[in-house]
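Shown next as structure tokens: one chain only, the form predicted on its own.
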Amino acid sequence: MNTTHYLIAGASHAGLEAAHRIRLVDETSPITMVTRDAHPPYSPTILPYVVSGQSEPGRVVLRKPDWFEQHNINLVSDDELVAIDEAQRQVTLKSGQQWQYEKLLLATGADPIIPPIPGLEKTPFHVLRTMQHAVALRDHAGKAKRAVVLGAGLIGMHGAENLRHAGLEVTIVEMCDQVLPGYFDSRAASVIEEAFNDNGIRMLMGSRVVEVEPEGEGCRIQLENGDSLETELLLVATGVRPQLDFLAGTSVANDQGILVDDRMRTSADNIWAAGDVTQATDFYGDKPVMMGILPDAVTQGAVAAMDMSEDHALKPYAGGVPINTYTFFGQQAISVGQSMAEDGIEELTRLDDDNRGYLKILLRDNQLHGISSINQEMDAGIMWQLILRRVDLTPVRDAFIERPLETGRALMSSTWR
């Protein structure tokens, strides 16, 4: 029987941050990390650039093998968690290996959602969540002329742009009336859509796929309005969700994801969770939410590790605040916090048609609740901290509305030392 003190299931941002934080206070207890990926740990955010050929798989690792050796961390690759025995503090891996642990962190991430479209299960298609997916998509793109992307979220938009960079004719099909509906309002989305149109990507917003069928080297996609699309390459990017089958028979409470408290503890003894697999405290309300963003995964991994290692510097998780920086065709969009105004929130917007610029600020009682911008100088990290720290902007309100970046930097310099 294999034994370890800390067992971390998952080796992306949450898991790696957890291992790093544990080693800051516990230099000797054995740590074992299990990852289903055969590649060294990498960030999912770089996968679209592997598709276009701008990045190579071997040059985008988050941690090289010697990092694990230096920190005395046993990395088990190309394997994954399939079952947990709480009573024995034991897990079973897909390979059949079994590991006993003292403390277990579930940081297993999320898997692509495959929509129930008739005919899709019989049709070759791609998803983009792992390095294997990216390499397969890149190889197929080199043999295709046309691509259709289902979904206009971040994965779909990144994928479409990089398929275009790879030389393909690209069409995006999205059920919603705009791109990136979870991050930007319709005015900001229209600026992004215009950039995609200008770069030769066909945008079919408010379109629903009703059937997919194989045809020759590719497939035919039937839309609800009667139109059809023919393509050699189909990328399905309609969202992600945690795969929770390994929780069967455990007392780990879950809903959309694994439910955790403000220390990332699950409902089961000696089991924590962090990252895309979790459903955690919402900064803006009481209902647990799924976040699925990189900075939040890092934060949750740190909180979980500090609790697991009994680090006295632990600060409980304050709740999820969305933060996204999105670069497209040489332009930049940023969304931090809430993107849509609700009762009691003041909305201020500014549009610069000449430079395709956009700014929206959401305030409640002169505290920042959300900010989104396109082609404006902005520091998403500073705006994130202003929201998390509930900074009172009353003394600098006018200056902040006029110059959010400079004013935010000044506040950071004077108060966060």
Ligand SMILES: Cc1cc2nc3c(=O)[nH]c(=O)nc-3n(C[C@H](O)[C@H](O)[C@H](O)COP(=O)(O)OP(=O)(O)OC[C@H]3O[C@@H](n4cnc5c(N)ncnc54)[C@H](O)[C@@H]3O)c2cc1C
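Start at 1 with the first residue shown and count on from there. Quick caveat, the model's predicted, so the values are computed rather than measured.
The same protein has a further form, the form predicted together with the ligand, not shown here; the description that follows concerns it.
Put simply, T35 is close to the ligand in the model of the complex: some heavy atom of it is within 4.5 Å. When the ligand is considered in the model of the complex, P181 lies well away from it, no heavy atom lying within 4.5 Å.
For H126, no non-hydrogen atom is located within 4.5 Å of the ligand in the model of the complex, even though that partner is not displayed. In the model of the complex, the ligand sits beyond 4.5 Å of every heavy atom of A195. With the partner removed from view, the residue among E80, D261, E213, E86 that has a non-hydrogen atom within 4.5 Å of the ligand in the model of the complex turns out to be E80. Contact with the ligand in the model of the complex, defined as a heavy atom within 4.5 Å, holds for exactly one of S29, N375, N366, T45, namely T45. Judged by heavy atoms within 4.5 Å of the ligand in the model of the complex, the contact stretch among the candidates 168-176, 253-261, 200-208, 288-296 is 288-296.
In the model of the complex, the ligand lies beyond 4.5 angstroms of every heavy atom of every residue of 176-205.
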